[in-house]
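Just the one chain here, the form predicted on its own, laid out as structure tokens.
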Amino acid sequence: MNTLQDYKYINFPTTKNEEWKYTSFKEVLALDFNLKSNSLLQLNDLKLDFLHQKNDFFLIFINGEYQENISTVNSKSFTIYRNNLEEFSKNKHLFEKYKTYNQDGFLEISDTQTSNQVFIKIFPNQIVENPIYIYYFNDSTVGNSFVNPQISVLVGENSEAIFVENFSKKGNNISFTNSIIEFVLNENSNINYYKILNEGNETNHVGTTQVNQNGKSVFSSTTLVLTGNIIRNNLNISLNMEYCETHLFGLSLLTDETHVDNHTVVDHAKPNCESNELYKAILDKKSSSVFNNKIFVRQNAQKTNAYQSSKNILLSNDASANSKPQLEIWADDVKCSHGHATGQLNKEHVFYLKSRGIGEKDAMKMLTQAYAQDILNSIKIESLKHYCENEIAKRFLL
């Protein structure tokens, strides 16, 4: 089956589903998409999109398929298996937890695309010496494309690594990216994970990140949305043993009619764990955002500390933001809180900058950049942080 229309039996979620109340892909999914890669891209066509520095590792996916011949992953700290079902099956049970969250047609169709599966194994007691960049190039030059990249990452005990996912697009036709990345963190492991969406206004995106954390592991995530049409980010975390930490950050820069839905689930299953979430959006023109968060604190998860917050700035009267923070707590010795705020730029701050000789447009630009800074500060790679700062500086022509 080579086209999306061959999968009419799959029930994709609609707005009748409470978890998808504000986000609909109905019109997009009615289009004719090709599931078979027809890309003619060469390495020279991709260079302008590269973010990594010399000696960094990088994996390249074109239309969902891993391009081993043009990737650089030579390291003694980890290894990569492509379509190695035997190796993956040995560890498959470690990744099964995600099936309980957000099971829908997007995960179902991804499961049918097993040829795109990549398994990364980070050995125990390793600090991966350089960041691992994962580039997804969606090529729609010859027609509408629907791609399904899949990556599973097993992190050995006492190991550390940095992953950067960067999504971009070539071609003027409509594209749809349906990506899955899964992490299993063993004891005392540490992962910093960054996701950058800059695929253009003709691209739709459903990205699912699944994380299973074991004892004393730390998972930190930053999601940056720069461009897109309709975007849904699912981020599901399960803290399975004591003394785990989870830190989630997100920033969406929205304009035109872009729609972004950030949907997170943090499941505190054991005691003495901590999670923090901060998501921000800057919305212009007719753009819209959704922050839908659930925190579960199970009965045995005493001494849990969980915090969630979403903040939005509306630069236009036509922009809108929806937030739905949720806490489900069965334990009694916990600290949990949530907050939400939506508004416009502070007029007194704008007036203050104007009184110092700064034009109104420049004043608004400075304030939006300052508003985004605490999210950008979560980026520990200086070159990547500077790239994001530059993108924000030119994103809004206020």
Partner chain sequence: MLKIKNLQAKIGDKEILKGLNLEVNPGEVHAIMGPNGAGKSTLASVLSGRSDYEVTGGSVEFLGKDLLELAPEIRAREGLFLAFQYPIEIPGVSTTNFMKSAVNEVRKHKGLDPLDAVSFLKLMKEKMAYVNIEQSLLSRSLNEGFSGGEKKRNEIFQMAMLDPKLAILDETDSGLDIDALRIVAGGVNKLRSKENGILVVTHYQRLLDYIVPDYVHVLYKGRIVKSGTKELAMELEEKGYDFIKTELGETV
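As the structure is a prediction and not an experimental result, all values here were calculated from the model. Positions refer to the first chain, counted from 1.
Below: the form predicted together with its partner chain, not depicted.
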Given 363-371, 24-32, 50-58, 333-341, the stretch touching its partner chain in the model of the complex at heavy atoms within 4.5 Å is 363-371
In the model of the complex, L41 touching its partner chain (heavy atom, 4.5 Å): no
L353: touches its partner chain in the model of the complex, heavy atom cutoff 4.5 angstroms: yes
Indicate whether H349 is a 4.5 Å heavy atom neighbour of its partner chain in the model of the complex. yes
Taking 4.5 angstroms as the cut-off for heavy atoms, does I358 touch its partner chain in the model of the complex? yes
